[in-house]
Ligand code: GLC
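Coming up is one lone chain in structure tokens, specifically the form predicted on its own.
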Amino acid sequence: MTESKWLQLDEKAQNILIKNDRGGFTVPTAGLYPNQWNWDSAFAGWGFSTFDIERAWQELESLFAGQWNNGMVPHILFRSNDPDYFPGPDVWGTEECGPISSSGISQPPVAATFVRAIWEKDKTIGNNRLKKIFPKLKAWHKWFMTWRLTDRNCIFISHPWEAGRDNSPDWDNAMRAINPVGVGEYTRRDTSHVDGSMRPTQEDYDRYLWLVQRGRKLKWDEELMSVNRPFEVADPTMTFILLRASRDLLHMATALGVDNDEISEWCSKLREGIETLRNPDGGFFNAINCQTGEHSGNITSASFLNWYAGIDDDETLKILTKTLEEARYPIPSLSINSEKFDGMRYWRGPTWVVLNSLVGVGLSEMGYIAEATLLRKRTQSLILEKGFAEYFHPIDGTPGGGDSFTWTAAVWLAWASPSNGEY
């Protein structure tokens, strides 16, 4: 790739972030996702930090402006009731829960890691901003450790959307146990923006909505919702990301000179819980249905987040090496050898640069420079050839989902672009 070409992509990526800016917060892409999404927004802040530190801080601060009193940061903030999105605020019914109309569930807590990255770029600007946002970050992590910690010391999700990997096969068995009786009639909006073959099925959506309706009936009271919870799956995405984010929170606590004993305890617990996510037959990290104790048996991109969390693992390295040998493009969201693989259907096979960037960062930090460089170069080639799509087919690179996507542009700017130097 010539320097002029990657500089053009840098400029295009910046313009995507600016175009998706709605005044202090970004949307993932126009039309399909017209609101503020939690981990999308954190990635956006990471991207903005490469050319506008002030705007990067605004992005994270706008996300935490929607934090609930119990510490939870919702997965969607409805800055407006856009009829083009379903289910909207009228369906969630969280009006009395937080300062901004929102969903009733959260998303992977990458925010602390990106707050640290933004702060370290310019501490002169960042010190005061960090002092203000730190208590909010800690309150959110405390919410996870209070309401999403299993007795195995790993993190579970209460809704597939909470993991950010909406229709991953990791949830299939737990979802099948839900009978979405009484869900009623509704009109999806997502399939009016992209081909339905790329989206979760109607059966998935019935169960998604049934879980939302249950939460609304219980007024999103975590204690009430924890009784006979119908969907509870221990998730490697959440567990690895929260461990990494808590380690970054611990670093920032030390820098600020505030008490860090509680955060240190969280890190220890989560680290202990990681091994319970290992599949006893395949040796890889996977999800576990907390109701049955059954492992999903799926190798997903989340299976490789252990290095991001600071955990080395020889068995996973062998699987990663094999995975990279089998494909031209970055790690797929589901192994291409799985009988459930679908290269264009959302999280059932496509490759997502966001997960790949986290895996790549972790590999680099732990000294696996060759693997990290290969992953990064493949991501560079994919974006160069196919653009800034939401996700891509992992075998032929076909773009899928939304276009001019915020977090794809952010990952280019903050990690993939040669402008960041070589490993």
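Start at 1 and count along the sequence shown; that's the residue number. Please read all numbers here as calculations on a predicted model, not as lab measurements.
Below, we turn to the form predicted together with this ligand, even though it does not appear here.
> 134, 259 and 266: each with a heavy atom within 4.5 Å of this ligand in the predicted complex?
Judged in the predicted complex, none of 134, 259 and 266 sits within 4.5 Å of this ligand.
> Should residue 37 be classed as touching this ligand in the predicted complex when contacts are defined as heavy atoms within 4.5 Å?
Although this ligand is absent here, residue 37 would touch it in the predicted complex, with heavy atoms inside 4.5 Å.
> Heavy atoms within 4.5 Å of this ligand in the predicted complex: does residue 240 have any?
The answer is no: residue 240 has no heavy atom within 4.5 Å of this ligand.
> I'd like to know if residue 347 sits close to this ligand in the predicted complex, meaning any non-hydrogen atom pair within 4.5 angstroms.
Yes - in the predicted complex, heavy atoms of residue 347 and this ligand come within 4.5 Å of each other.
> Taking the shortest heavy atom distance, is residue 164 within 4.5 Å of this ligand in the predicted complex?
Yes - in the predicted complex, heavy atoms of residue 164 and this ligand come within 4.5 Å of each other.
> Looking at 362, 28, 397, 66, which has any heavy atom no more than 4.5 Å from this ligand in the predicted complex?
Of 362, 28, 397, 66, the residue with a heavy atom within 4.5 Å of this ligand in the predicted complex is 28.
> So this ligand isn't shown here. In the predicted complex, which residue out of 303, 107, 246, 103 has a non-hydrogen atom within 4.5 Å of it?
For this set of options, the contacting one is 107.
> Sort through 58 to 66, 45 to 53, 368 to 376, 28 to 36 and report the only stretch with a non-hydrogen atom within 4.5 Å of this ligand in the predicted complex.
Comparing against this ligand in the predicted complex, the contact stretch is 28 to 36.
> Hey, which residues along 368 to 405 are within 4.5 angstroms of this ligand in the predicted complex, non-hydrogen atoms only?
Residues within 4.5 Å: 390, 405.
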